[in-house]
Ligand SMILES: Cc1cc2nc3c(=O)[nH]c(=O)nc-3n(C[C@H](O)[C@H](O)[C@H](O)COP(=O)(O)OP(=O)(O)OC[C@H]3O[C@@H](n4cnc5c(N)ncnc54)[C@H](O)[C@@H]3O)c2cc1C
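The data below hold one chain only, encoded as structure tokens and taken in the form predicted on its own.
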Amino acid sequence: MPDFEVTVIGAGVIGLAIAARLSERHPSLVVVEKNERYGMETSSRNSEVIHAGIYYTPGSLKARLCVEGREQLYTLCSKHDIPHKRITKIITATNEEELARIEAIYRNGITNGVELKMLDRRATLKLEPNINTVGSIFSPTTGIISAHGLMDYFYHAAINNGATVQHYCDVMGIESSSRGYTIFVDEHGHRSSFTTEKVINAAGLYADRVASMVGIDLEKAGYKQYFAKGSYFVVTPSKARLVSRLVYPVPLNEGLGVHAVLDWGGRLKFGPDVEYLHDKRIDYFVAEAKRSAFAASIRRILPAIQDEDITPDMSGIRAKIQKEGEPPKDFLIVHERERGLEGVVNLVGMDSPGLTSSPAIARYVEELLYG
């Protein structure tokens, strides 16, 4: 018998959601996490938005799992008192060219099964009188959620099911064995190993590295990840009430654009931008030098914001499988059965809407494993 039936690598929101679900049928489940606490990387450094599912290619995993996950999140939040708010969202067109583009976005969202409404300039300004607009999309099902509150829920659900979460446990290698897989780990310099029947790679920023440990050629498989840093600036309190909901621009190629975010402390923030880290060095510093360019991006949708109204706040790093300049790609969630790796599921390129999709991703992984 292996030491564990299931091993989940990575205790971000996706790994924890998977652990919470799979531990219902496999209490002999361990989550290994290299950091001192769960959710210390991408999962705790984002906009904390519950996405509606508007932008993603119809039929894609991102579209399907976002829409499913959104509804599951609202149910979980209501049932388990996870802080959240259906704050709603506007995607504003600032000129006639963008107006044509949001009509295409609207049709895409409707195809994905998202409740949306097109608003003209007058109706938009009635909701948000301070924004720059010639028309907009209104999304009533977009919200915000406490990412930490959600992760706390998944963590305790897994623990209550009998699962183990091991921190300061860095995976160094994986080998096939007669009992499934042997996982080699480093815990504060102490090397050890254990066996497991199934391996779920939810390692976030390092998911491609873990995938390579089971012998997958990253370039050939399309699993190579690129780090994209997103910085946020916070608006001075005197202008924090210029908007009352999430306000997004028409999205650019590599992201949804610098948008207005209202956080749990009542602060108004803008972000994230997209800065590829070609050396893949983890760096969360938000440079003051970004201020002018950031303010210019903000003024695209909120003209009253001046350079001096914003200050550096936080940043996060997302793992993307598209190179800089390429269009967004779908989630990669693959049971590697065809590669002779029965019981190994890789989750690669889990950027936005990973937080929103997390409970649906857990359901999807279970389906991949058990049909």
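Source: prediction; values computed, not measured. When you see a residue number, it is the position in the sequence shown, counting from 1.
Quick note: we don't show the form predicted together with the named molecule, though the next part is all about it.
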query: Interface segment, criterion being heavy atoms within 4.5 Å of the named molecule in the predicted bound form, picked from 105-113, 192-200, 74-82, 170-178; finding: 170-178
query: Interface membership of residue 322, the named molecule in the predicted bound form, 4.5 Å heavy atom rule; finding: no
query: Contact label in the predicted bound form: residue 19 to the named molecule, heavy atom within 4.5 Å; finding: no
query: Residue 270 within 4.5 Å of the named molecule in the predicted bound form, heavy atoms; finding: no
query: In the predicted bound form, residue 309 touching the named molecule (heavy atom, 4.5 Å); finding: no
query: Sequence-ordered residues of 345-371 touching the named molecule in the predicted bound form, heavy atom within 4.5 Å; finding: 350, 351, 352, 353, 354, 355, 356
